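Before any questions on binding or motion, here is one chain by itself as structure tokens, the form predicted alone.
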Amino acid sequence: MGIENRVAVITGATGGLGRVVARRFAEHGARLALFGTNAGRLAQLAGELSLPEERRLTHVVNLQEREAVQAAAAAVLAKFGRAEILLHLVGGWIGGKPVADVSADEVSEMLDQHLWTTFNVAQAFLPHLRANGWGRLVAISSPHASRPPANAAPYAIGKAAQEALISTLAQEAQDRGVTANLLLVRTIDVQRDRDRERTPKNASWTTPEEIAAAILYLCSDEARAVNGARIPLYGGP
């Protein structure tokens, strides 16, 4: 079975990656719950997708607020009766300083952005994925989580915490037909600079279309054996 009529929740839906993923999932017949922080941008995306009312839901939500995420999950259940796929595509980067110059607030911001948003959406949706007996969770991470470079501590800390959470969820949910996986990218090449003019700097960048293709595979029945994986999509060490 493909993803036709599956209910997919996409966080960060109006971002450069989220828009491409939403379009690909719409083309494959999924029902979409699109989460973002800007009502206007969500409405624009919904219009671009041209989905009938019964196949789409847009919801403005701050994923750092647990109660707001729980309310968003309730809205998805009220609309579609279930949730089966959770694609967590929010991002954010803070870095550029040695650890000695990093503030606690900068580390906290990255933990809020990467760990706590993931924690909140997982708590809100994983019970429903488990209840289905089938579910997919995919999040985007970075090789910096396990091999952090200099001057990137806040981001690396946030991503490492997120990866630990996803890896734990993969073990907890696997007995109910649910998988949780990570796709690792260095830079999301929204402008497709790599394909226009390949350089040593952009050679390891990844386009949204390449990421979307990997997500579609992970959400297929054929990927049921892939769980707890950290899949590199950057073509190098």
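The structure displayed is predicted, hence computed values, not measured ones. When you see a residue number, it is the position in the sequence shown, counting from 1.
One more form of this protein should be noted, the form predicted together with a small molecule, which is absent from this view; the next part is about it.
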Stretch in contact in the predicted complex with the small molecule, which is absent here, among 60 to 68, 166 to 174, 196 to 204, 23 to 31 (heavy atoms within 4.5 Å): 60 to 68
I140, heavy atom within 4.5 angstroms of the small molecule in the predicted complex: yes
4.5 Å heavy atom contact, L17 and the small molecule in the predicted complex: yes
Contact label in the predicted complex: F125 to the small molecule, heavy atom within 4.5 Å: no
Exercise: A83 in contact with the small molecule in the predicted complex, heavy atom 4.5 Å: no
Partner-contacting position among A212, L45, V185, L182 - heavy atom within 4.5 Å of the small molecule in the predicted complex: V185
